[in-house]
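Encoded as structure tokens, the following chain is the form predicted on its own, with no partner shown.
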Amino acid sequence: MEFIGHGGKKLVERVVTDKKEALNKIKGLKAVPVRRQLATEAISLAYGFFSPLEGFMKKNDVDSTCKNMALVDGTVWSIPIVFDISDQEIVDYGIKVGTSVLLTYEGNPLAIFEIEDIYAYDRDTWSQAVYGTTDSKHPGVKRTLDYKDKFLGGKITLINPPKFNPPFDQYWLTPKQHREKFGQKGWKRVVAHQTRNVPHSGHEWLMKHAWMATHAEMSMEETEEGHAITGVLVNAIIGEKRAGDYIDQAIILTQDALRKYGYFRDDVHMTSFTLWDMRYAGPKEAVHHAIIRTNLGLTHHMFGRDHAGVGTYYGSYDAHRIFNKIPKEKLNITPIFVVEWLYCPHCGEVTCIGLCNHKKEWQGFSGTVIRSIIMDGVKPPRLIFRPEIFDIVQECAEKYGFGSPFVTQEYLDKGTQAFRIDPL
């Protein structure tokens, strides 16, 4: 079956699964070691998460992305996907346009990289275009400024697929596998919940709101148990961690627990993840998330308050407004815009700012307060944090986080990574 991805283009999948074929393809290739970020993006490129890209972007596409929020061919694109390299490494590895190299990760073969372009790009121009600022305190700008001297563009072919460590192995699906899974479930509509957090009740109601909006005009017969045709996909972001973030294991296991413990029916909810280091690009990253989820086969995508933002660089709903600038025919996914959900003691329930008129009594789901609740180890009220979720967070702290559900230096140094590349 031919799957169509973002931009109406055929879904990319450039993966060699036969070991003998892979060994033959890499004979005589110069090995170039890569860090984790480049390894994960090579994996995502090869499996089609970034379709229609077939590899790391060349200069003309980076330039067009920065100036027009589109690839050269007009396909909407908002964040450059690039391979950086130093001038000295270009000399050491004999990098030239028209040659291919073998990318390795932690000493093992990963992918073949066909070098089609070698170029430099102005970092301030890039930062202003993508992040709306050149302030080095912005994490995305800092990442851009820290890139090495040059960039390489060209196609990627994965020759040694990753192995996922528990518990991530339960939740890894390629774009094609996502689509096959949706077909098995009979889902005709699927709405994405993008997350890098453990869910509190506000997150849960965001998802329920998004499901209802996505399912809106369907008949009652199509909501009967076991026959749902609309689903919620929690697609967690697993990637670069900073001290104080939730540990990855806690994120993925607590999100799935909402289904496991009945807060969503089995036939309307599932959890998976995407390998991606957040750029915190606010509205531009919202578009990028829409692109990824289009490639996964989703029909709708929820966007909430401060989606993919950081600090005060973006307005609370800038990630909503950017979609007004994109012609509908250019994006094959429907945005679902949701406002903030909170707890109202007067109403005695979780509600949203678009409905409740007890503004002076509102109690927002402050990340700082939620974290202090978790660290105190005392179960909060059910209306704020589901008890099963709280228990799993504590279990993950002991099993994976060296005593903490939040990223520590020990977790960064010794924690189990989501994937590994075994010898070929």
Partner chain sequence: MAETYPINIWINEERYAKLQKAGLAELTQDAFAGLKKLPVPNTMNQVDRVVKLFPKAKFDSATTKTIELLPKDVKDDIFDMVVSMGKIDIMEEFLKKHGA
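This structure is a prediction, so every number in the text was calculated from the model and none was measured. Positions refer to the first chain, counted from 1.
Quick note: we don't show the form predicted in complex with its partner chain, though the next part is all about it.
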I need the one stretch from 380-388, 352-360, 33-41, 58-66 whose residues put non-hydrogen atoms within 4.5 angstroms of its partner chain in the predicted complex.
380-388
Against its partner chain in the predicted complex, would Val369 count as a contact residue? Criterion: heavy atoms within 4.5 Å.
yes
Report yes if any heavy atom of Leu29 sits within 4.5 Å of a heavy atom of its partner chain in the predicted complex; otherwise report no.
no
Though only this chain appears here, would Ile373 touch its partner chain in the predicted complex if you measure heavy atom gaps against 4.5 Å?
yes
Any of the heavy atoms of Tyr343 lying within 4.5 Å of its partner chain in the predicted complex?
yes
